[in-house]
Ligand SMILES: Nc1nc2c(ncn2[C@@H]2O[C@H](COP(=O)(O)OP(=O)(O)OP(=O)(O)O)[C@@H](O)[C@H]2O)c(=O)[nH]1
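To begin, one chain is listed below as structure tokens, in the form predicted on its own.
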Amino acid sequence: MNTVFIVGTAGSGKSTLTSAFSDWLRSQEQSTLLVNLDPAAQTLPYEPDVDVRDYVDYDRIMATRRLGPNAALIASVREVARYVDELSEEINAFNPDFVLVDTPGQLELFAFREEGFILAESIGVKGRKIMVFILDPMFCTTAKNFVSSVFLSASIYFSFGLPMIHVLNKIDAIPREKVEKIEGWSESFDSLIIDLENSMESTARILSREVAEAIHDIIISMPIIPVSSTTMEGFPDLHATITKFLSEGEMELR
């Protein structure tokens, strides 16, 4: 049982990717289990097999505790963590080939709180887990934003200690030349440093080479796979990369 945690910033397409990648896996005769970890999700493009909304009522928490939307989200995720044993048992009962975990829309609720770590520790089989961090192509079309996104993914990587793959999502939504530009930054240090320096103020350029070197090192260990949830372009590469990471026994950080 391979567990894939799908993470990314709000609007990056986590739920859509979860749904589309599940459809593709099933077309390849791979059994999948869809898990929704967002207690505040109003609608989803898929039918969850395991749903935290069956355990936690976000609207009730907000109303009964007289909390604002953000405070209610934090309180709801805390409640979700209290049901981690039940969630884990429900997931394990299916024993599919792949468990796709759709994490909360607000990245920080899962990535930078203790509850997220508890959930990631408890869901799935140790040594068979991986994170897919979604890069939003509309945001990543400038070198500065690309660098910011990769640093964000690196902070999540070091927080959870799980193998990570970058997915450049929605490649059908931007011109092909922009996709190729982003791919170029991931493949060529010189391309990244030139565009990064050109986008920086002169006083900040002194740091740009060090930043580019750090990003290049991160990308070497965390590949970028361009995909489209609409056309399913890139899904064979995504599946192959996930399988390669897990079959080679990528070690979790300690």
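If you're wondering where the values come from, they're calculated on a predicted model, not measured in any experiment. Numbers for residues come from their place in the sequence shown, where the first is 1.
Keep in mind that the form predicted together with the ligand is not shown, yet the notes after this line are about it.
Engineer: Taking the ligand as it sits in the predicted bound form, is residue 243 near enough to touch it, meaning that at least one heavy atom pair lies within 4.5 angstroms?
Structural biologist: Output for residue 243 is no: heavy atoms all beyond 4.5 Å of the ligand.
Engineer: Does any heavy atom of residue 22 come within 4.5 Å of a heavy atom of the ligand in the predicted bound form?
Structural biologist: Residue 22 lies outside the contact set for the ligand.
Engineer: Though only this chain appears here, would residue 172 touch the ligand in the predicted bound form if you measure heavy atom gaps against 4.5 Å?
Structural biologist: Yes, contact at 4.5 Å.
Engineer: According to a 4.5 angstroms non-hydrogen atom cut-off, is residue 229 in contact with the ligand in the predicted bound form?
Structural biologist: Because a heavy atom of residue 229 falls inside 4.5 Å of the ligand in the predicted bound form, the answer is yes.
Engineer: What residues in 5 to 26 sit within 4.5 Å of the ligand in the predicted bound form, counting heavy atoms only?
Structural biologist: Heavy-atom contacts to the ligand in the predicted bound form: 9, 10, 11, 12, 13, 14, 15, 16.
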